[in-house]
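Next comes just one chain, in structure tokens: the form predicted on its own.
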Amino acid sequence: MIRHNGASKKHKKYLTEKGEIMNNSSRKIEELIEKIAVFTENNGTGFTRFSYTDMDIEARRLIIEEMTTLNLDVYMDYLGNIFGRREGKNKAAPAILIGSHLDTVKDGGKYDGVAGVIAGIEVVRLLTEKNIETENPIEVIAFAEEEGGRFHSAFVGSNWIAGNIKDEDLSKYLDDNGVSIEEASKSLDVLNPIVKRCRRREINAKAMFELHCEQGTVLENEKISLGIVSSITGSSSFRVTLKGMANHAGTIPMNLRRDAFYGASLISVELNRYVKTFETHSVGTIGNICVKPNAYNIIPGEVSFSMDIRSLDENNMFSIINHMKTYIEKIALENKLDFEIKENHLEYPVKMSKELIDALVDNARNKSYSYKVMGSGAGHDTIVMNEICDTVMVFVPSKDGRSHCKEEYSSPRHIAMGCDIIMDTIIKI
């Protein structure tokens, strides 16, 4: 009779070493996340780090220093995208990109975006520690102005890299104080002594990986460690302005009013009603609204609001956009309101690289990590970079599905698992 007395000494040694490596990665990831989290405008209400502010500059300084410590060749372009390059055996070969963004929404979390930048740094650290050379160069990227928190337009940094935003466009992106990206980005000049600057970097890329917190409950509810993203929702945002007539709230009969807020409220209800008619994941949100003169006893004369529309299905997304444009015009006409619809950004739904998805799946299986192939209901810089090269994303669970709030949390161990399969996939390709 053959008796099996557990794992062999060799296998036990492998498991011990694997555990130590994972624990070390988790610790380093957590330390760096906490260091970046210090750079916030708020304390207690969440994490706010808008582009080109003092807090943003200090977070960039930290990331540049981390990249420099790893002997990466570090660049920053005019708009603030940061690149840390590790050369490959073939310097002329297209680069493999890993990264995400450093900016946050107002009162957001400390993992959204940041986890992906740190994942890139950790993958490079592990490759260096293991003395693994890659054929292709690897570039860790920290994208600028992904959230649109300050300039109300998402994916600005990645669209700049992709060439979708031209020099002459920069003056058109304004924050709430009327400051343009062109003017605000000059604040980055303070970092010139520690980083090479360039106007715009030409990207020669083979593939891009972006690790991100899921921002939903699927992985946590199903007790799955990693999500391998097969497609990303299309996203669009608009600024709608309705102009009526401000007047006395007590003296003007209801049938004679030109109430801009009343028009906006009808539009909000219709957006919710119409989007719910679609079966494929589609969402519509009015999340920011400005009422003028904003007084309790004055009929609102002007209202402007954001309108965010997303869908995994391109036809559905454009059906919602076109329906809402027609409805806004109808409401404006019926209520004697002037209106303007300004498109802030528009990104089509995209599918990830099947080759990269398959490779990540194989590596997750080899490591015995639980995984799920899934879609992303949120947009990310990867949706733009898909225009340039093959792309894929790895999700890690979000505690209670919370994101864009101070309660946002993803386990450093799950992030380390994501780094693990991304590193193996990079080696493979």
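Numbers for residues come from their place in the sequence shown, where the first is 1. Note that the structure is a prediction, hence the values are computed from the model and not measured.
Here the subject shifts to the form predicted in complex with another copy of the chain, a form of this protein not shown in this document.
- Only one of N81, Q215, S225, T134 comes within 4.5 Å of another copy of the chain in the model of the complex through a heavy atom, and that residue is Q215.
- Contact with another copy of the chain in the model of the complex, defined as a heavy atom within 4.5 Å, holds for exactly one of L126, V179, A162, M245, namely M245.
- The candidate stretches are 188-196, 86-94, 141-149, 69-77, and the one lying within 4.5 Å of another copy of the chain in the model of the complex by heavy atoms is 141-149.
- In the model of the complex, another copy of the chain stays beyond 4.5 Å of every heavy atom belonging to E347.
- Taking the partner from the other structure, another copy of the chain in the model of the complex has no heavy atom within 4.5 Å of any heavy atom of E183.
- With a 4.5 Å cutoff on heavy atoms, I321 does not count as touching another copy of the chain in the model of the complex; it lies far away.
- None of the heavy atoms of S230 is located within 4.5 Å of another copy of the chain in the model of the complex.
- Shown here without its partner, the chain carries S353, N386 and I388, none of which come within 4.5 Å of another copy of the chain in the model of the complex through any heavy atom.
- Annotation for 289-304: interface residues with another copy of the chain in the model of the complex are I289, V291, P293, N294, A295, Y296, N297, I298, I299, P300 [heavy atom within 4.5 Å].
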